[in-house]
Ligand SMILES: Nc1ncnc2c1ncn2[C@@H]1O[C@H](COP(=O)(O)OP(=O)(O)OP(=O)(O)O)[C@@H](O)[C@H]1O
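So this first bit is one chain, no partners, the form predicted on its own, shown in structure tokens.
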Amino acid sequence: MAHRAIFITGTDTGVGKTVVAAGLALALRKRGIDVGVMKPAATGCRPKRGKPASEDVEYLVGACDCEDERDLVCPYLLREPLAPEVAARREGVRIDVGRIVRSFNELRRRHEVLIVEGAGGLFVPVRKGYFMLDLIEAIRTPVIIVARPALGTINHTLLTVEVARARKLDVAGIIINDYPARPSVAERTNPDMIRRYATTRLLGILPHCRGVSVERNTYNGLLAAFEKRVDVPRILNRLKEKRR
């Protein structure tokens, strides 16, 4: 396998894209694959040694145990927890998509597989008139959609798949994240409804793992859960099939 990439998007913010991306990184590393990670823009960053730092970025880097420069892994670290376009404008920062694409190409050159985690969903604005789905089109990677299990997820998931299909994005599948130990009726029935109507494969249902926390930078149980509940071989096959 040489120089493949996959993009992790979500049906919304807070659905657990970072945990899914980290779980995939751990699963690929277990198979002896050299993995890199990228987050084109992170918002809600906190000061660390006088510079903004992202918990999501540090979590991803820890999962792949890579030594890539942070300005390559995340070209734009923005302070306020807002859409990248808004956060950048309020800081007086101009987001250059060309810089993001160059970082992507360099990281992909360095690693067998590059996992890219977006911000929010497909229609999150990166800069004026340019959305996360435009970036996916530019770098031409297959997409995994992360969804929550709760009430409302059928609508959010189907809308995301529909937009992705309309823009001819390569949808590799859906992962439902943070599934509770005691699901409600909606949570019990939502996966079957998504399987029925989403026109793409449900790759897995990742359970809530008490030992997994982006904020505390802990991964306890994540690899085991990912291996047991997510179709990693299918993701690997998709990566092997996909050439730019």
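The model shown is predicted, which means the values in this text are computed figures rather than measured ones. Start at 1 and count along the sequence shown; that's the residue number.
What comes next is about the form predicted in complex with the ligand, which is not displayed.
Contact annotation: the ligand lies within 4.5 Å of heavy atoms from the stretch 206-214 in the model of the complex, the single such stretch among 206-214, 29-37, 64-72, 181-189.
Residue contact with the ligand in the model of the complex: residue 15 places a heavy atom within 4.5 Å of it. Although the partner is absent here, residue 24 is not a contact residue: none of its heavy atoms lies within 4.5 angstroms of the ligand in the model of the complex. The ligand is not shown here, and in the model of the complex it never comes within 4.5 Å of any heavy atom of residue 149. Using a 4.5 angstroms limit between non-hydrogen atoms, residue 120 touches the ligand in the model of the complex.
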